[in-house]
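Single chain ahead, written as structure tokens, the form predicted alone.
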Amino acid sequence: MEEGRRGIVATVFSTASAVGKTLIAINMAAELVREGYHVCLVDLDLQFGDVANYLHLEAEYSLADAQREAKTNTEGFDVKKFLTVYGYQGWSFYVLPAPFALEEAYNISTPAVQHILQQLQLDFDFVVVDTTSAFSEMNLAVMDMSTIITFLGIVDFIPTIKNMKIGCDTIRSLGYEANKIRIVLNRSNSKTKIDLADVEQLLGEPFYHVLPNAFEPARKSIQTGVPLVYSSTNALSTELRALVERYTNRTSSHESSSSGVSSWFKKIFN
């Protein structure tokens, strides 16, 4: 990297659990490597982080170890010694896992995470951050540092959509530039009677990108520990690659259209 240049922080966030944040974050990191970037993936789902498990990594160190070292060795602290390398057929990226023990998660401080991310920005082109589903002090601080926030949602039940709208409105209220927040829909063709155009109308903007539902390829990816973008060609892996290409300006923007809100849906939220 050029002297004085900082890497991009790309954060994956959602207001709901079990929406695929970790799978998306892993594949974003993997695809960025395919495009030739130097990448680190940080697991900030502190209590229940699964990045290392998904990738079948036997990591020696975690974020908790990095924080302890940063506190005791302020001058000589080097975060790279706490990273674990994931490699597959010539592609590789680095991972900083979440704390291994639940009690360690409670001791992770926001200033320590900020310091660690700032160090990683000096060494990597992209720092991809997987987060927990909460507007915590730490997540807000990380979003402040981020160049891109992938706000991930699914359209399955009304409460999930309600939380997605609350989350979108909250992020907008933070005063970020519009192009910092990318609303991405996951599992778009899962069985539901809710029309996507209705949800877009509710959110006030179209989805930036739409990812299809692909349960079996996703299950196999987790089972084998190999990111979808490395191991298979299917609708989901294709759209994951397309999403990253849009982030790195290697393809033209997708078009999305919205229609009016159907009466039953509008009555619920108005």
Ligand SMILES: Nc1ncnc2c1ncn2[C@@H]1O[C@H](COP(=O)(O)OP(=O)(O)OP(=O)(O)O)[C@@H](O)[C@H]1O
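These numbers were taken from a predicted model, which means no experiment stands behind them. Don't overthink the numbering: it's just position in the shown sequence, from 1.
Quick note: we don't show the form predicted in complex with the named molecule, though the next part is all about it.
This chain is displayed without the named molecule, yet in the predicted bound form the stretch 207-215 from 241-249, 207-215, 33-41, 60-68 comes within 4.5 Å of it by heavy atoms. Of the residues given (Q121, T150, N186, N139), N186 alone sits with a heavy atom within 4.5 Å of the named molecule in the predicted bound form.
The named molecule is not drawn, but in the predicted bound form it has no heavy atom within 4.5 Å of M28. Among residues of the shown chain, V19 is one whose heavy atoms approach the named molecule to within 4.5 Å in the predicted bound form. Residue contact check for V9: none of its heavy atoms lie within 4.5 Å of the named molecule in the predicted bound form. Within 4.5 Å of any heavy atom of the named molecule in the predicted bound form lies no heavy atom of N107.
Annotation for 222-242: interface residues with the named molecule in the predicted bound form are I222, L236 [heavy atom within 4.5 Å].
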